[in-house]
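We begin with a single chain expressed as structure tokens, specifically the form predicted alone.
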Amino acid sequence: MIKLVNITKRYRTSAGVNTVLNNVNLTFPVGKSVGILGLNGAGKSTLIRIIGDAEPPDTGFVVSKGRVSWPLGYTGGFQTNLTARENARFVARIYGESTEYVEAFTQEFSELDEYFDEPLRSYSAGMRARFAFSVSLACNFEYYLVDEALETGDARYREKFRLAFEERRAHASVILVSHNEQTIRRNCDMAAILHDGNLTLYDDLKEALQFYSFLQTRAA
């Protein structure tokens, strides 16, 4: 179970204060995968980072029961002076996983070859994301947080990632941010729409997608 309690998040911009989350209260149902929809700049990525404890809210808090991943593809929590191998072993120790298994899985799945023993600071953005996806899949979580990760990389790697991710979904829930309607339909049971700082959960996925299409048309 993941519960958002009175979550507020604001950013200062040249145009003034932008409130992306305005006293949000919502409980994500157990055993359901939820898509997060919202227009560009609505705060979807901020929401995922707050749920994953990668960014603090201004006010409020998150209650979680079960193991929650960091946002897949998010690289801000890794030590860039360490190699991928060293980071993988560090992550394994934090989450109480087998260091040998996490290291071996991450090395094979990431396909970084000789760069696996190079510091992350020498990686391109794509290489860092590939490492982050791989080490995330190496750990067992009850909730996987995904921020557009399923659309990253070349076609062959996306398919490889998709198949591995579907295996994880068999015993875990997903909170997924994506602009791809097909991705939401394929991976989610329901959806929540973030608009004007408010987060509304829809039991009916079709209804949520219809309202999101309306918001897109109105914003065009």
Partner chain sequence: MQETSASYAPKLTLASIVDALNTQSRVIGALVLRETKTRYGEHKLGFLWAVLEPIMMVSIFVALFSALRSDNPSGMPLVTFMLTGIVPFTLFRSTMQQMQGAISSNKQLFAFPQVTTFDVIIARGILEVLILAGVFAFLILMVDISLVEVRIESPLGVLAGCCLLAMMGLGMGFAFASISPLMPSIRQVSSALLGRPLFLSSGLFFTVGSVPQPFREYMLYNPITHVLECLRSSFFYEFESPYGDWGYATIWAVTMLAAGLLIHQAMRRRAIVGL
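Definition used throughout: the rigid core is the maximal C-alpha set that superposes within 1.5 Å between two forms. Positions refer to the first chain, counted from 1. Fair warning: this is a prediction, and the values are worked out from it, not measured in the lab.
Just so you know, the form predicted in complex with the partner chain exists too; it's not on screen, but the next bit is about it.
Taken together, the three residues Ile184, Gly197 and Leu215 all stay farther than 4.5 Å from the partner chain in the predicted bound form, as judged by their closest heavy atom. Screening Glu111, Glu148, Glu86, Glu118 for any heavy atom within 4.5 Å of the partner chain in the predicted bound form leaves a single hit, Glu86.
Listed residues Val62, Ala164, Ala172, Met190 were compared with the partner chain in the predicted bound form; Val62 is the one with a heavy atom within 4.5 Å. The stretch in contact with the partner chain in the predicted bound form, judged by heavy atoms within 4.5 Å, is 49-57, chosen from 156-164, 29-37, 175-183, 49-57. The partner chain is not drawn, but in the predicted bound form it has no heavy atom within 4.5 Å of Ala125. Taking non-hydrogen atoms only, Val102 never approaches the partner chain to within 4.5 angstroms in the predicted bound form.
Although the partner is absent here, Arg168 sits far enough away that none of its heavy atoms falls within 4.5 Å of the partner chain in the predicted bound form. Contact check for Gly41: every heavy atom lies farther than 4.5 Å from the partner chain in the predicted bound form. Along 88-122, these residues reach a heavy atom to within 4.5 Å of the partner chain in the predicted bound form: Phe90, Val91, Arg93, Ile94, Tyr95, Gly96, Arg121. The rigid-core alignment places the CA of Glu100 less than 2 Å apart between the shown form and the other one. Annotation: Cα of Leu120 displaced by at least 2 Å between the shown form and the other one, core superposition. Here Lys65 does not count as shifted, since its C-alpha moves by less than 2 Å between the shown form and the other one after the core is aligned.
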